[in-house]
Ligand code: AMP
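We begin with a single chain expressed as structure tokens, specifically the form predicted alone.
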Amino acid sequence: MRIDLHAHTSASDGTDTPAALVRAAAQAGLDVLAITDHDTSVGWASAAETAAEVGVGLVRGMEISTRFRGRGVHLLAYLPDPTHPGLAAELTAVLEGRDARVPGMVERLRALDIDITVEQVRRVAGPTAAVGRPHVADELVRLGVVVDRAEAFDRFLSPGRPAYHNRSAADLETMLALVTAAGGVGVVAHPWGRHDPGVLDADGLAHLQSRGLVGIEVDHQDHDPASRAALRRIGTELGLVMTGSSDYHGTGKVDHDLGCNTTPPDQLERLLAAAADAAAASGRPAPAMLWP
């Protein structure tokens, strides 16, 4: 069984619609896919309808922007009830923070004599729930300033670069509690991607586990073999679920093809069991995995 638990659609910063993502997963030979758009569940219904048509198992989730001990951390929240009032309020705040940073980035780019406007960024983003840095990058590509998103981030949009603009994010421990209360489970996405371990070392992950963290994403394109081995040792010692995934964004991110990393079936079973326990304890109408 081939399982990919982290993929994005045009509902956030991917380039495939939710339906197209699921069809691409089927064509890539995946048996199970998770849809994990940034801070939103708006793509779930379309993805679910298509998954039933093409025979792909679907895990509904989202990738939530958080902060932990001063560092940005992305939390993969699987199978929460998105109508939970506390969770919904935090997600709205995060999305508003994403949207509010766009004018600041554009202003910094214009100060570098790049002829870009907020309206252009919103146009290239289309009907997404989460306008952000990738869409600014896409407009820079369209303008011919850079060749792809990677160059845009490297030259302008990453922390420490001239057009970077900080934004608000949810507190990770608070978000873990909200995801659990909404009947879902949390997995830290690419914990050592683009960073040294920092606050997400063994002690930090153990602390987060005590606050409800269920797992860590181990097999990811941003983790080299040594990082994967070290994270797997920590995950085994702590008894965390250990996932693998592509972090697919369509044409928006190279070298992240669907299924390039996968999650072992026994780890999916553990994840789903934890989600079922959380759903039962919450009393919320949390979604279950959709099997083909």
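Residues carry their position along the shown sequence, with the first being 1. Treat the numbers as computed from the prediction; the structure is a model and nothing was measured.
The form predicted in complex with adenosine monophosphate (AMP) is left out here; the points below concern that form.
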Joint contact, R71, R108 and P162 to adenosine monophosphate (AMP) in the predicted complex, by non-hydrogen atom at 4.5 Å:
no
What stretch, of 168-176, 96-104, 200-208, 119-127, brings heavy atoms to within 4.5 Å of adenosine monophosphate (AMP) in the predicted complex?
96-104
Checking G235, G259, G252, G57 against adenosine monophosphate (AMP) in the predicted complex, the residue with a non-hydrogen atom inside 4.5 angstroms turns out to be G252
Close approach of I114 to adenosine monophosphate (AMP) in the predicted complex, 4.5 Å, heavy atom
no
If we define contact as a non-hydrogen atom of the residue within 4.5 angstroms of the partner, is A150 a contact of adenosine monophosphate (AMP) in the predicted complex?
yes
Quick one: does G183 come within 4.5 Å of adenosine monophosphate (AMP) in the predicted complex, counting heavy atoms only?
no
Using 4.5 Å between non-hydrogen atoms, is G215 touching adenosine monophosphate (AMP) in the predicted complex?
no
Neighbours of adenosine monophosphate (AMP) in the predicted complex among 23-38 [non-hydrogen atom within 4.5 angstroms]:
H38
